[in-house]
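Given as structure tokens, the chain that follows is alone and in the form predicted on its own.
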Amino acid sequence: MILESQLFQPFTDEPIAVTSESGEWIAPFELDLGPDKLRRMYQDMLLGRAVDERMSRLQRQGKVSFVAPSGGHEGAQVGIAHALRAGHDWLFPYYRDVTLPLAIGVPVVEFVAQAMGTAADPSRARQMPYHASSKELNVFSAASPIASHIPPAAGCAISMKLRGTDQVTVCTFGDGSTSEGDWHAGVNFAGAQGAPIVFACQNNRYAISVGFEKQTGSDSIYTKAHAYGMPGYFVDGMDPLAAYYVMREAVQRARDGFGPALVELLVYRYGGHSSADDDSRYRPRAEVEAWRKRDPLARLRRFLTRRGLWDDAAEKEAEAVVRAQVDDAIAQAQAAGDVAVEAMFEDVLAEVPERLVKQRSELLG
């Protein structure tokens, strides 16, 4: 179904963009975002990149056990974040989401502490690093088994429809997830039930070392939406404003009762799949460098500069603020200390069975 108010047509042959590589506005409609909103989006991207880079350094120092680099995904993630009503809608993220939870409002110290596994982590070090969550902001815990969060996200959205809550669920994942049965089951269920959910694929074209062409017989992800009775949108994920506008429209469409949508955001990861991956074994350096020239941060900065909303002084000040935020968050996370070993017996069962009471007593001596 195509609505009269729609800005974008589904199933386009070329990825949707609203700004050029040089930062020009090229959309066939007027920009309706104010200066503060535009600057905030860029600052959120700076923060996401800074946190991700610092966590990678801490991993090499042995203070974090695992990272899933997100450099190159910031544009898609900031667009998704700003399209949501934080704390009202639900987000089911995946492990490469860094800018996304931070832009929604997850405190930097909580993200950092979760990666470091200290007592400042709300999950109390029970999850893998880079698996942030927030009860207060309706951010579901990221899951390592890819696509395993897709069916729960669909169920969450269906419950919203049944209860008439005016909420929307957004579920993010990489292209590798679309090769899993859970992905099909969840997307199909949402389509059949007309659930208020937007499935957002951050397609960086690699499932660890497996290139996109070896993952699926189709040319793209968004075209799969045909099979599930929902619109599919193909977006230049290196264009933060394109990601925002398409996601805003898809989220509002779901909120208005027109059902789910599948959005494919074409991005690139500048780092390896994880801290345990040597991407030089399967990706040519020339390819990586070519995509670095399309950096979403540089693209949005050029756009802001063209409109007189940003300059070198603003960049220097913003970088100093971000650096202080990250330094302070790391200091707080470290000062919190380790999670007490007896915490493993807490927050799981409302009534602790006798056998666990005994085990706890034996552990603590």
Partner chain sequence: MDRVSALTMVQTIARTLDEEMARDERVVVLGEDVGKRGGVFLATEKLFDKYGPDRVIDSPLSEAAIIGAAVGMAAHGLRPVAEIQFADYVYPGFDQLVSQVAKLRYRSGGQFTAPLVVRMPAGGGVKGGHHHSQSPEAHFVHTAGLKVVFPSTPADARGLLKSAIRDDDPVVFMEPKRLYRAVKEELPDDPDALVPIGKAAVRRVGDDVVLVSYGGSMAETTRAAEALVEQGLSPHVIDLRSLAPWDEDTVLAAVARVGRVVLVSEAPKSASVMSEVAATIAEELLDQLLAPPLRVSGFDTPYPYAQDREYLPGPARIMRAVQRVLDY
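Fair warning: this is a prediction, and the values are worked out from it, not measured in the lab. In this text, rigid core is short for the largest set of C-alphas that superpose within 1.5 Å between two forms. Residue numbers count along the first chain shown, from 1.
There is another form of this protein, the form predicted together with the partner chain, and it is not shown here; the text below is about that form.
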Self-check item: Contacting member of 165, 209, 218, 280, with respect to the partner chain in the predicted bound form [4.5 Å, heavy atom]
Solution: 165
Quiz item: Of 140, 258, 291, 228, which residue is found within 4.5 angstroms of the partner chain in the predicted bound form when only non-hydrogen atoms are counted?
Solution: 140
Quiz item: Would you say all of 52, 101 and 111 touch the partner chain in the predicted bound form, counting a heavy atom within 4.5 Å as a touch?
Solution: no
Practice problem: Using a 4.5 Å heavy atom cut-off, indicate which stretch of 122-130, 258-266, 196-204, 236-244 touches the partner chain in the predicted bound form. | Solution: 122-130
Quiz item: Would residue 90 sit within 4.5 Å of the partner chain in the predicted bound form, counting heavy atoms only?
Solution: yes
Self-check item: Proximity of residue 189 to the partner chain in the predicted bound form, heavy atoms at 4.5 Å
Solution: yes
Practice problem: Report whether the minimum heavy atom distance between residue 349 and the partner chain in the predicted bound form is within 4.5 Å. | Solution: yes
Self-check item: 4.5 Å heavy atom contact, residue 354 and the partner chain in the predicted bound form
Solution: yes
Quiz item: Which residues from 156-188 come close to the partner chain in the predicted bound form, meaning a heavy atom within 4.5 Å?
Solution: 156, 158, 159, 160, 162, 163, 165, 167, 182, 185, 188
Quiz item: For residue 341, is the CA shift between this form and the one not shown at least 2 Å following rigid-core superposition?
Solution: no
Practice problem: Establish whether a shift of 2 Å or more occurs at the C-alpha of residue 14 between this form and the one not shown, with the two forms superposed on the rigid core. | Solution: no
